[in-house]
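Single chain ahead, by itself, as structure tokens, in the form predicted alone.
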């Protein structure tokens, strides 16, 4: 199966590949051409209820399996993802606009996460507590039941696989909701789950956030919710969930991430890192992008010049080209937001160094294209210095006072990532301790190291992922008191 104008995806409910009960469909559009490449079901509350009921019915039998048996299923699913990796890769690139070379890593990571969480499973340990000398006091970890994961558009397959891996190995069953703009790869994943897993163990429902997503969040049988996306949507999920019950929620939300450059760094290395931190391969549609760069005034002009030169060399082109370093924005909505942010920066007095418009040429007359953009002389009160853009716009400013730059870095509602560059280890670690962010790189940027927790401070989220803490978060602790 490959994505093309006649491509029609299906949902997975109770082991069956199905359309929505209403037979309504959503279009999937190639972001580089605006051409329709397929469609997928628009699920409503009745479809969601069927999926959750299927998951709930399948959960006791799944939880009754030994961990080694669950792990075998997940390893088989990982194998099938690799076997259909080329198909998944091309579908994902066509559907999202992400460039093909870094997206190869997403396919492997999707398979690897299923294997990695399986390997952690025996560490879901309880404890014995010496509360008394005459009795036995112990704890055990038990699954919640049904877990739902709502997936963003920037890494649809990889995040869906993570949404399957941890909950399943912990003994839960799962309902996945893919993004409403890029759901085609989820139809392939649905086929693979149907082939490999017991019916109802994994269910995949597609549709809009307002209809499908809200129905999942409000469903009384779902107590454990995981969401990756924007701050406003995360807050809406909290409100909706609280109206129907007490639920455990992990939110991995937006960031306006600081990259702080001290005067003792290597100009070439730090300039390359500033560009790398923008994740242009995903058109900077990455919550961890370090889009707020603060450079010490003594080297400000040198670093700004080097960064501008490098960004100007990134020419957007067909994301299917292995040499492409940046594709289009994911949707018209994303493009409109980026263009509005660029306009606000110009109006508020920032200096446009490069980019800021649609690329020239016939290849860019259609599609959601914008050039990679750098603004200098950005002041802390400007919109591009305070709001997440989720696009290829870099805001650069200078600083002299260390206390002041740290205050500016910590002044926003966000606190997802940060990068500190200095060859003075005491200075770097002091800054790393002061910065209010869930992940801080020292003399590095962007890399997600396996097994280390990822998540945000403040409005950038709650909970941690990609680590042992995430796996444990899919379990509840039960205390058992044995009176002898």
Ligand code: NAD
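The structure presented is a predicted model; accordingly, all values stated were derived computationally and were not measured. Residue numbers count along the first chain shown, from 1.
The form predicted in complex with this ligand is left out here; the points below concern that form.
Note on the partner interface in the predicted complex: the residue among 273, 303, 253, 396 having a heavy atom within 4.5 angstroms of this ligand is 253. This chain appears without its partner; in the predicted complex, the one residue of 324, 118, 290, 154 with a heavy atom within 4.5 Å of this ligand is 154.
The stretch from 399-407, 224-232, 347-355, 163-171 that comes within 4.5 Å of this ligand in the predicted complex, counting heavy atoms only, is 224-232. This ligand in the predicted complex comes within 4.5 Å of no heavy atom belonging to residue 392.
Heavy atoms of residue 416 reach within 4.5 Å of this ligand in the predicted complex, making it an interface residue. This ligand in the predicted complex comes within 4.5 Å of no heavy atom belonging to residue 377. This ligand is not shown here, but in the predicted complex it comes within 4.5 Å of a heavy atom of residue 179. No residue of the trio 92, 112 and 278 has any heavy atom within 4.5 Å of this ligand in the predicted complex. Shown without its partner, the chain has 209, 210, 213, 214, 217 in segment 209-226 as residues with a non-hydrogen atom within 4.5 angstroms of this ligand in the predicted complex.
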